[in-house]
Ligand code: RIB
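In the form predicted on its own, a lone chain appears below as structure tokens.
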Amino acid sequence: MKKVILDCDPGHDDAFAIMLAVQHLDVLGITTIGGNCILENVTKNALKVLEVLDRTDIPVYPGHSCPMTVPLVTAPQFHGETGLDGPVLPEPTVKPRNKHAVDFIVETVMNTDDVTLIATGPLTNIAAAINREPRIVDRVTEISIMGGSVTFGNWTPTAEFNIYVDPEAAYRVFNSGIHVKMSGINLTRQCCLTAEHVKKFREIGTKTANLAADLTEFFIDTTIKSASLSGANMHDACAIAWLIDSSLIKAAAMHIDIELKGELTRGMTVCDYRHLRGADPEIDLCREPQMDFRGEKPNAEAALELDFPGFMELLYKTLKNYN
């Protein structure tokens, strides 16, 4: 199993990310970050989900409550006031650890070989860890993030929520030298759950599958009301699925940077995919892009296509294997 640290801000789709990660990956710890909701709530939500999964052995470490330079933006219109509205879950019996998330990330990476980072919220904790101990850049295997977009935004016309919340942190991570796997909303919008999927979760009938159904029902309703979409996009789960089974995602190498100063484009992931403009995209996806006019080589892989039936097969299997 891949050794991972999951940095998240639960969040309905983060809950699905946790479900997948703790069954298929070696989760060394979960760190939390203010994002979808305030830090206190997202930390409690992580603990609640772990209790449903009977995985309270996995430690949870609270991190930064707000971005590096700007006030926190949250998303109650999608996730409710608690960040995990919908299912009624008891208060967690296990408390978060006293150690700060950044300290945990730095100490774990420096003392453990071959750690992969996963970030499904704003990148504040990861950027702070790099600033605290730059040597982790050479020790982290890679980082799989849910954030950004090759195409359109969702929080603004050009910016996706997680990057928009703390673009300075995202800039630090993308320019750190760590290899980035980016599951942006151009990809995660292909992961859309509907009432038919909720029905299947109910049929599976495990405690975890019923939680998945409750989460999805609430998330579908708020997504339709707030974004006029046809279902609930399980964005964060895609960053986990990519690590579990790379065949589920078709990706391309490209240079990605973060816009910090644009009046209309702050938080945009600026993706150089000019090497994909040829007549045969299948060939172009396999072609190594050349340096751009500034001499910059690819620093990331951007997810482009999701095998959604394969993803659902993985998710159904995962839910069946829980109690």
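Keep in mind that what you see is a predicted model, and the values were worked out from it rather than measured. For every residue, the number given is its place in the sequence shown, counted from 1.
The protein also exists as the form predicted together with this ligand; that form is not presented, and the subsequent description refers to it.
Of the residues given (185, 220, 213, 253), 185 alone sits with a heavy atom within 4.5 Å of this ligand in the predicted bound form. Remark: of stretches 132 to 140, 104 to 112, 205 to 213, 158 to 166, the one touching this ligand in the predicted bound form is 158 to 166 (heavy atom within 4.5 Å). Contact annotation: residue 154 falls within 4.5 Å of this ligand in the predicted bound form, judged by heavy atom distances.
Although the partner is absent here, residue 31 is not a contact residue: none of its heavy atoms lies within 4.5 angstroms of this ligand in the predicted bound form. In the predicted bound form, this ligand sits beyond 4.5 Å of every heavy atom of residue 123.
Put simply, residue 170 is far from this ligand in the predicted bound form: not one heavy atom of it is within 4.5 Å. With contact defined as any non-hydrogen atom lying within 4.5 angstroms of this ligand in the predicted bound form, the contacting residues in 12 to 40 are 13, 14, 36, given in sequence order.
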